[in-house]
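Okay, here we've got a single chain as C-alpha coordinates, the form predicted alone, with questions on binding and movement later.
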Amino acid sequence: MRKMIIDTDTASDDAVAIVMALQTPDIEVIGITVVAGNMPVKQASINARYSAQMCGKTPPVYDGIDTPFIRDPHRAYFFHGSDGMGEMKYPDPVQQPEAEHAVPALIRLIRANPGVELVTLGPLTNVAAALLQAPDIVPLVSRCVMMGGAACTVGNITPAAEFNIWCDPEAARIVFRSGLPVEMVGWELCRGEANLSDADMRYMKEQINTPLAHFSIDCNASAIRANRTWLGDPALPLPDPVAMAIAIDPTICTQSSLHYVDVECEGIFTRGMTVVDQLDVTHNPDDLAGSMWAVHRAKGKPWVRVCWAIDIPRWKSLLYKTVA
(Lines give C-alpha, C1' and ligand atoms only; values in the text may rest on other atoms or scores of the structure.)
Protein backbone atom coordinates (compact mmCIF):
# COMPACT_ATOMS: atom_id res chain seq x y z
CA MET A 1 0.00 0.00 0.00
CA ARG A 2 1.18 3.48 -0.88
CA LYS A 3 0.72 5.90 2.02
CA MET A 4 -0.53 9.40 1.30
CA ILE A 5 -1.20 12.60 3.24
CA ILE A 6 -3.53 15.18 1.69
CA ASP A 7 -3.27 18.84 2.69
CA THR A 8 -6.38 20.67 1.52
CA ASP A 9 -8.53 23.79 1.78
CA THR A 10 -11.48 21.66 0.79
CA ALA A 11 -13.96 23.13 -1.62
CA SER A 12 -15.65 21.39 -4.51
CA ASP A 13 -12.66 20.36 -6.64
CA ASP A 14 -10.68 19.30 -3.54
CA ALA A 15 -13.66 17.13 -2.61
CA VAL A 16 -13.41 15.23 -5.89
CA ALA A 17 -9.65 14.81 -5.44
CA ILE A 18 -10.20 13.38 -1.95
CA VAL A 19 -12.75 10.93 -3.38
CA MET A 20 -10.25 9.82 -6.04
CA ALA A 21 -7.56 9.08 -3.46
CA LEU A 22 -9.90 7.26 -1.09
CA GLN A 23 -11.32 5.17 -3.94
CA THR A 24 -7.90 4.03 -5.21
CA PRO A 25 -7.31 0.51 -3.82
CA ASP A 26 -3.53 0.67 -3.43
CA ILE A 27 -3.48 4.03 -1.61
CA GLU A 28 -3.95 4.43 2.13
CA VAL A 29 -4.74 8.02 3.09
CA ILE A 30 -3.15 8.17 6.53
CA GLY A 31 -4.21 11.74 7.21
CA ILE A 32 -6.00 14.76 5.79
CA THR A 33 -4.69 18.09 7.06
CA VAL A 34 -6.87 21.14 6.54
CA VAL A 35 -5.64 24.65 5.76
CA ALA A 36 -7.47 27.88 5.07
CA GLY A 37 -7.77 29.03 1.48
CA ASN A 38 -10.90 28.44 -0.56
CA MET A 39 -12.74 28.25 2.76
CA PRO A 40 -11.96 28.98 6.41
CA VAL A 41 -10.57 25.94 8.18
CA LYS A 42 -13.83 25.07 9.94
CA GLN A 43 -15.82 24.86 6.69
CA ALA A 44 -12.99 23.21 4.77
CA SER A 45 -12.76 20.55 7.48
CA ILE A 46 -16.50 19.88 7.28
CA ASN A 47 -16.20 19.51 3.50
CA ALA A 48 -13.22 17.15 3.78
CA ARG A 49 -14.97 14.94 6.29
CA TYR A 50 -18.20 14.88 4.29
CA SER A 51 -16.27 13.91 1.14
CA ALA A 52 -14.66 11.02 3.01
CA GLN A 53 -18.05 10.01 4.39
CA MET A 54 -19.39 9.79 0.84
CA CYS A 55 -16.75 7.10 0.27
CA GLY A 56 -17.61 5.27 3.49
CA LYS A 57 -14.15 6.12 4.85
CA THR A 58 -12.93 7.86 8.00
CA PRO A 59 -9.29 8.90 7.56
CA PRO A 60 -8.15 11.14 10.42
CA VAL A 61 -8.76 14.81 9.63
CA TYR A 62 -6.64 17.47 11.37
CA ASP A 63 -7.64 21.13 11.35
CA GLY A 64 -4.76 23.52 10.74
CA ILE A 65 -3.79 27.14 10.22
CA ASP A 66 -6.63 29.54 9.44
CA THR A 67 -4.68 32.56 8.15
CA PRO A 68 -1.68 33.12 5.85
CA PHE A 69 1.68 33.87 7.45
CA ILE A 70 1.53 37.65 6.93
CA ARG A 71 -1.26 38.33 4.41
CA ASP A 72 -4.92 39.07 4.92
CA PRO A 73 -7.06 35.97 4.30
CA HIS A 74 -9.04 35.66 1.08
CA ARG A 75 -11.73 33.08 0.36
CA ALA A 76 -13.06 31.69 -2.91
CA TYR A 77 -16.76 32.03 -2.18
CA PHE A 78 -17.15 33.71 -5.56
CA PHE A 79 -16.05 30.49 -7.25
CA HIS A 80 -17.18 27.61 -5.01
CA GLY A 81 -20.19 29.14 -3.23
CA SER A 82 -20.56 30.16 0.40
CA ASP A 83 -20.27 26.54 1.60
CA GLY A 84 -17.52 25.63 -0.86
CA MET A 85 -19.74 22.90 -2.23
CA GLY A 86 -21.91 24.62 -4.80
CA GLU A 87 -24.56 25.72 -2.29
CA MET A 88 -25.74 22.11 -2.05
CA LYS A 89 -26.24 22.43 1.72
CA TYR A 90 -24.98 18.95 2.51
CA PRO A 91 -25.55 17.74 6.09
CA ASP A 92 -22.73 17.89 8.58
CA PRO A 93 -20.56 14.78 8.56
CA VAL A 94 -20.69 12.29 11.40
CA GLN A 95 -16.92 12.16 11.80
CA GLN A 96 -15.31 14.87 13.94
CA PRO A 97 -11.84 16.35 13.44
CA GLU A 98 -8.96 15.04 15.50
CA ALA A 99 -7.83 16.99 18.56
CA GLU A 100 -4.27 17.26 17.26
CA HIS A 101 -3.40 20.33 15.19
CA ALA A 102 -2.51 19.76 11.52
CA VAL A 103 1.09 21.00 11.75
CA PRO A 104 2.34 18.61 14.47
CA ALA A 105 0.23 15.91 12.83
CA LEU A 106 2.06 16.44 9.53
CA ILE A 107 5.43 16.20 11.28
CA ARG A 108 4.44 13.10 13.24
CA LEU A 109 2.88 11.28 10.27
CA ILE A 110 5.83 11.97 7.97
CA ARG A 111 8.39 10.88 10.59
CA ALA A 112 6.41 7.70 11.26
CA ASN A 113 6.00 6.84 7.56
CA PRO A 114 9.25 7.37 5.62
CA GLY A 115 8.51 7.39 1.91
CA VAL A 116 5.04 8.85 2.37
CA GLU A 117 3.55 10.81 -0.53
CA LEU A 118 2.28 14.32 0.20
CA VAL A 119 -0.40 15.87 -2.02
CA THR A 120 -1.11 19.57 -1.48
CA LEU A 121 -4.39 20.98 -2.80
CA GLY A 122 -4.47 24.40 -1.12
CA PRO A 123 -2.24 27.19 0.17
CA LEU A 124 0.99 25.88 1.65
CA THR A 125 0.76 27.41 5.12
CA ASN A 126 0.51 24.12 7.04
CA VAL A 127 3.34 22.51 5.08
CA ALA A 128 5.63 25.54 5.40
CA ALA A 129 5.03 25.70 9.16
CA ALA A 130 5.87 22.00 9.47
CA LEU A 131 9.08 22.50 7.47
CA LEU A 132 10.15 25.43 9.65
CA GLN A 133 9.59 23.38 12.80
CA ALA A 134 11.01 20.09 11.51
CA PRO A 135 13.30 20.40 8.46
CA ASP A 136 14.31 16.77 9.01
CA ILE A 137 11.05 15.65 7.37
CA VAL A 138 12.20 16.77 3.89
CA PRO A 139 14.06 13.55 2.92
CA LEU A 140 11.27 11.40 4.36
CA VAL A 141 8.75 12.55 1.71
CA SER A 142 9.07 10.53 -1.49
CA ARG A 143 6.85 12.83 -3.58
CA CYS A 144 5.18 16.18 -2.98
CA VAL A 145 2.55 16.57 -5.69
CA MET A 146 1.44 20.18 -5.55
CA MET A 147 -1.65 21.64 -7.15
CA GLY A 148 -0.40 25.16 -7.33
CA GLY A 149 1.17 27.74 -9.52
CA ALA A 150 0.97 28.52 -13.20
CA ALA A 151 4.04 27.54 -15.16
CA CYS A 152 2.60 29.33 -18.17
CA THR A 153 2.28 32.52 -16.04
CA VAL A 154 -1.45 32.87 -16.80
CA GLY A 155 -3.08 33.10 -13.39
CA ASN A 156 -6.62 32.48 -12.19
CA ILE A 157 -6.74 35.09 -9.41
CA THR A 158 -4.42 37.70 -10.96
CA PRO A 159 -2.93 37.77 -14.47
CA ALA A 160 0.26 36.22 -13.07
CA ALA A 161 -0.74 34.05 -10.13
CA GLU A 162 -2.72 30.95 -9.25
CA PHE A 163 -4.98 31.15 -6.17
CA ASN A 164 -3.23 28.66 -3.84
CA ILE A 165 0.17 30.28 -4.23
CA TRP A 166 -1.22 33.84 -4.23
CA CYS A 167 -3.06 33.30 -0.92
CA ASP A 168 0.17 32.71 0.99
CA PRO A 169 3.20 33.37 -1.23
CA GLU A 170 5.61 33.46 1.70
CA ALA A 171 4.60 29.94 2.70
CA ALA A 172 4.89 28.78 -0.90
CA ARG A 173 8.39 30.24 -1.15
CA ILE A 174 9.45 28.28 1.94
CA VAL A 175 8.15 25.05 0.43
CA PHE A 176 9.74 25.61 -2.98
CA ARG A 177 13.10 26.40 -1.36
CA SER A 178 12.95 23.52 1.12
CA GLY A 179 14.24 20.73 -1.08
CA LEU A 180 11.01 18.76 -0.95
CA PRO A 181 10.63 16.71 -4.15
CA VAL A 182 7.93 18.99 -5.52
CA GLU A 183 5.94 18.05 -8.61
CA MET A 184 4.21 21.27 -9.62
CA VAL A 185 0.87 20.71 -11.34
CA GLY A 186 -0.26 24.16 -12.44
CA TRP A 187 -3.90 25.14 -12.75
CA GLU A 188 -3.52 25.57 -16.52
CA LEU A 189 -3.50 21.78 -16.92
CA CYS A 190 -7.23 21.60 -16.14
CA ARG A 191 -8.23 24.11 -18.80
CA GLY A 192 -9.78 23.78 -22.26
CA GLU A 193 -10.27 20.17 -23.34
CA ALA A 194 -9.19 19.02 -19.87
CA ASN A 195 -12.40 20.57 -18.50
CA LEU A 196 -15.21 18.10 -18.03
CA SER A 197 -17.51 18.94 -20.93
CA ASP A 198 -21.29 18.79 -20.82
CA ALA A 199 -21.04 15.38 -22.46
CA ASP A 200 -18.52 14.20 -19.84
CA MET A 201 -20.79 15.34 -17.04
CA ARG A 202 -23.84 13.67 -18.60
CA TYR A 203 -21.81 10.46 -18.91
CA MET A 204 -20.92 10.57 -15.23
CA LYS A 205 -24.48 11.23 -14.05
CA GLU A 206 -26.41 9.12 -16.56
CA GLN A 207 -24.06 6.26 -17.44
CA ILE A 208 -21.84 5.82 -14.37
CA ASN A 209 -24.77 6.98 -12.24
CA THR A 210 -23.30 6.29 -8.79
CA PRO A 211 -23.69 8.49 -5.71
CA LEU A 212 -20.05 9.55 -6.07
CA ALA A 213 -20.51 10.46 -9.73
CA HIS A 214 -23.49 12.66 -8.87
CA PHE A 215 -21.67 14.17 -5.88
CA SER A 216 -18.62 15.03 -8.00
CA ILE A 217 -20.71 17.06 -10.45
CA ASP A 218 -23.35 18.49 -8.11
CA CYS A 219 -20.92 19.95 -5.55
CA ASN A 220 -19.23 21.84 -8.40
CA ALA A 221 -22.36 23.69 -9.55
CA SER A 222 -20.97 27.09 -8.53
CA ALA A 223 -17.58 26.33 -10.09
CA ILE A 224 -19.20 25.47 -13.42
CA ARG A 225 -21.06 28.79 -13.51
CA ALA A 226 -18.01 30.81 -12.47
CA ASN A 227 -15.75 29.03 -14.93
CA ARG A 228 -18.03 29.81 -17.83
CA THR A 229 -18.93 33.38 -16.97
CA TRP A 230 -15.69 34.58 -15.38
CA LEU A 231 -12.86 32.59 -16.99
CA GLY A 232 -14.55 31.75 -20.28
CA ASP A 233 -13.70 28.05 -20.24
CA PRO A 234 -16.25 25.56 -21.56
CA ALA A 235 -17.49 23.67 -18.51
CA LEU A 236 -16.05 22.17 -15.28
CA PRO A 237 -12.41 22.81 -14.31
CA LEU A 238 -10.94 20.35 -11.82
CA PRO A 239 -7.38 21.44 -10.99
CA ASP A 240 -7.12 19.46 -7.75
CA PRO A 241 -8.38 16.19 -9.32
CA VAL A 242 -5.90 16.63 -12.18
CA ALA A 243 -3.11 16.88 -9.61
CA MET A 244 -4.50 13.88 -7.76
CA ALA A 245 -4.64 11.90 -11.00
CA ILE A 246 -0.91 12.54 -11.46
CA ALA A 247 -0.28 11.59 -7.84
CA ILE A 248 -2.15 8.31 -8.39
CA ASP A 249 -0.62 7.61 -11.83
CA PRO A 250 2.49 9.69 -12.63
CA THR A 251 2.40 8.64 -16.29
CA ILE A 252 -0.70 10.83 -16.81
CA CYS A 253 1.80 13.69 -16.90
CA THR A 254 3.18 13.28 -20.41
CA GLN A 255 5.73 16.10 -20.40
CA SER A 256 7.74 17.28 -17.42
CA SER A 257 11.17 18.66 -16.62
CA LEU A 258 13.24 19.69 -13.60
CA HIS A 259 13.78 23.39 -12.92
CA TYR A 260 14.56 25.96 -10.30
CA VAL A 261 11.23 27.47 -9.30
CA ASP A 262 10.56 30.27 -6.87
CA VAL A 263 7.68 32.50 -5.81
CA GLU A 264 7.40 36.25 -6.22
CA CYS A 265 6.42 37.83 -2.91
CA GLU A 266 7.37 41.49 -3.39
CA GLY A 267 5.84 42.36 -6.75
CA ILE A 268 2.79 44.61 -6.98
CA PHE A 269 1.43 42.92 -10.09
CA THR A 270 3.16 39.55 -9.71
CA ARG A 271 2.50 38.52 -6.10
CA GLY A 272 2.31 34.74 -6.00
CA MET A 273 3.75 34.21 -9.46
CA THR A 274 5.66 30.93 -9.79
CA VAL A 275 8.86 31.85 -11.61
CA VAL A 276 10.24 28.86 -13.53
CA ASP A 277 13.82 29.02 -14.81
CA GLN A 278 12.78 26.97 -17.83
CA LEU A 279 15.91 27.66 -19.91
CA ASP A 280 18.37 27.50 -16.97
CA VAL A 281 19.55 31.02 -17.75
CA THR A 282 20.82 32.02 -14.29
CA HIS A 283 24.27 30.46 -14.58
CA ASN A 284 26.14 32.65 -12.12
CA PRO A 285 24.59 32.85 -8.65
CA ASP A 286 27.26 35.36 -7.60
CA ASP A 287 25.59 37.92 -9.84
CA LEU A 288 22.37 37.40 -7.89
CA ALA A 289 23.68 37.27 -4.34
CA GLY A 290 20.92 36.67 -1.86
CA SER A 291 18.39 35.98 -4.60
CA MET A 292 16.22 32.91 -4.99
CA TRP A 293 18.55 31.46 -7.59
CA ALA A 294 21.56 31.79 -5.29
CA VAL A 295 19.61 29.91 -2.62
CA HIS A 296 18.66 27.18 -5.09
CA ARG A 297 22.09 26.71 -6.61
CA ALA A 298 23.70 26.42 -3.22
CA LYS A 299 21.64 23.26 -2.83
CA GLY A 300 22.79 21.72 -6.13
CA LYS A 301 20.70 20.55 -9.07
CA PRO A 302 17.09 21.68 -9.50
CA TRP A 303 14.49 19.51 -7.82
CA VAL A 304 11.11 20.97 -8.79
CA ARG A 305 9.49 18.85 -11.49
CA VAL A 306 7.14 20.98 -13.56
CA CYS A 307 4.35 19.20 -15.39
CA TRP A 308 3.77 20.81 -18.78
CA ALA A 309 1.19 18.47 -20.37
CA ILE A 310 -1.19 15.65 -19.46
CA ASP A 311 -2.94 12.78 -21.23
CA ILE A 312 -6.46 14.21 -21.10
CA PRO A 313 -8.40 11.03 -22.00
CA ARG A 314 -6.48 9.06 -19.36
CA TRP A 315 -7.04 11.70 -16.67
CA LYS A 316 -10.77 11.57 -17.32
CA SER A 317 -10.74 7.78 -17.44
CA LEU A 318 -9.10 7.63 -14.02
CA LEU A 319 -11.72 10.00 -12.62
CA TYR A 320 -14.53 7.84 -14.05
CA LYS A 321 -12.96 4.71 -12.58
CA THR A 322 -12.71 6.14 -9.07
CA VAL A 323 -16.28 7.47 -8.94
CA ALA A 324 -17.68 4.26 -10.43
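Residue numbers run from 1 along the displayed sequence. What you are looking at is a predicted structure, and each value in this text was computed from that prediction instead of being measured.
Not pictured, yet referred to below: the form predicted in complex with a small molecule.
S.K.: Any idea which of 85-93, 134-142, 209-217, 160-168 reaches within 4.5 Å of the small molecule in the predicted complex, heavy atoms considered?
M.R.: Careful reading of the contacts points to 160-168.
S.K.: Please determine whether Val127 contacts the small molecule in the predicted complex, using a 4.5 Å cut-off between heavy atoms.
M.R.: So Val127 does not count as contacting the small molecule.
S.K.: Please check if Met244 has a heavy atom lying within 4.5 Å of any heavy atom of the small molecule in the predicted complex.
M.R.: Contact with the small molecule, no.
S.K.: Heavy atoms within 4.5 Å of the small molecule in the predicted complex: does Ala172 have any?
M.R.: Flag for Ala172 set to no.
S.K.: Against the small molecule in the predicted complex, would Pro239 count as a contact residue? Criterion: heavy atoms within 4.5 Å.
M.R.: Yes, contact at 4.5 Å.
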